[in-house]
Ligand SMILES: Cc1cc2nc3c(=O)[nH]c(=O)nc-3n(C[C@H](O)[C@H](O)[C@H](O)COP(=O)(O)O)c2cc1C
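Below sits a lone chain in structure tokens, taken as the form predicted alone.
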Amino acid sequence: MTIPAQVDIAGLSVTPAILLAPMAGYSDLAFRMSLRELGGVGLAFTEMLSPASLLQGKGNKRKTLLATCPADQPLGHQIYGSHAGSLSKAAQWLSGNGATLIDINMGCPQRKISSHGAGAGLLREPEEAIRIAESVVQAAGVPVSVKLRLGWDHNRLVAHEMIAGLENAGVAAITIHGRTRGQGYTGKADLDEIRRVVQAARRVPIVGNGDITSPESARAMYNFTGCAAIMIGRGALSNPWLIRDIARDLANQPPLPAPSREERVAFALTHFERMVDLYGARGATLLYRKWIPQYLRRLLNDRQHMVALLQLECPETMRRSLTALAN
């Protein structure tokens, strides 16, 4: 089949048709801009935002969650929760503060989220989930999308049954992750079920998500499911060049050489400096630790080296340590 070059979401042209997933703790402005600079990101999303943090939060935490810039476009804001009223108020607040696309999380498998009826917890009551989507659409004033999983578990795969209701509720796009809540991130994404969701849609684009870790798997997602776009999440954490490489492949452009050691270090340093701008020097140094196992592992000599980096608290020492990895 023909790979779509772009996807239209309620008048928003996303080119290329590759979305960077909202990932709690990771997809902040520093990471989004670092990936956008490499190329291939058609649309990115914020981390999950709770109505309480938006409506009642103050200070630096809310500021950093919402941080963006003119180059960080197009950008969607993802909200999560289990109550139509609070989610609708959050959507109103976001649209009143410049948001152009709002996404409702119906797929987060984390126990602290889903066990309270939010995220993938909404899949246990599909009719209520659709009612919530309709309420948010009516309140938002901007396009609303939904990200969901196949179902709570394999005993009832409800995603394909929800599509007509979500379309009637007025959502502008639907992302489907090919796993159930019970799977978490284990096992394989079910392309058959993603295709079932695609076939159930009549009016809105379906975005395929799950196990896209290479240009080959991206093509497989498109070709097997017939989805209108793809979303990439965890694969881009350990390989920031993944989206760039997939975009080039889908555009039938020749592949670029794999990043050199020097390029990997330069990316790591640039990302760190963006985090310093966002969180301050000490805060950035502590938060940067989570990135070390993600994309610096292959640059480290041994486990002790990683342990040493994971204990750094001084920003200057972090800079020197990262720079030294180029040699």
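Numbers for residues come from their place in the sequence shown, where the first is 1. Bear in mind the structure is a predicted one, so any value in this text is a computation, not a measurement.
Form predicted in complex with this ligand: not shown, discussed below.
Participant: Specify the contacting stretch among 205-213, 190-198, 84-92, 250-258, defined as having any heavy atom within 4.5 Å of this ligand in the model of the complex.
Facilitator: In the other structure, the partner sits against 205-213.
Participant: Ok, Arg234, Arg131, His160, Arg219: which has a heavy atom sitting within 4.5 Å of this ligand in the model of the complex?
Facilitator: The residue from Arg234, Arg131, His160, Arg219 that makes the contact is Arg234.
Participant: If you check Glu263, Glu47, Glu273, Glu37 against this ligand in the model of the complex, which one has a heavy atom within 4.5 Å?
Facilitator: It is Glu47 that has a heavy atom within 4.5 Å of the partner.
Participant: Is Lys147 a contact residue for this ligand in the model of the complex, using a 4.5 Å heavy atom cut-off?
Facilitator: Yes, Lys147 lies within 4.5 Å of this ligand in the model of the complex.
Participant: At the 4.5 Å heavy atom threshold, is Ala21 in contact with this ligand in the model of the complex?
Facilitator: Although this ligand is absent here, Ala21 would touch it in the model of the complex, with heavy atoms inside 4.5 Å.
Participant: Please check if Trp291 has a heavy atom lying within 4.5 Å of any heavy atom of this ligand in the model of the complex.
Facilitator: No, Trp291 is distant from the partner.
Participant: State yes or no: in the model of the complex, is some non-hydrogen atom of His177 no more than 4.5 angstroms from a non-hydrogen atom of this ligand?
Facilitator: Yes, His177 is a contact residue.
Participant: Within 4.5 Å of this ligand in the model of the complex, counting any non-hydrogen atom, which residues from 101-121 show up?
Facilitator: Counting only heavy atoms within 4.5 Å of this ligand in the model of the complex, the single contacting residue of 101-121 is Asn105.
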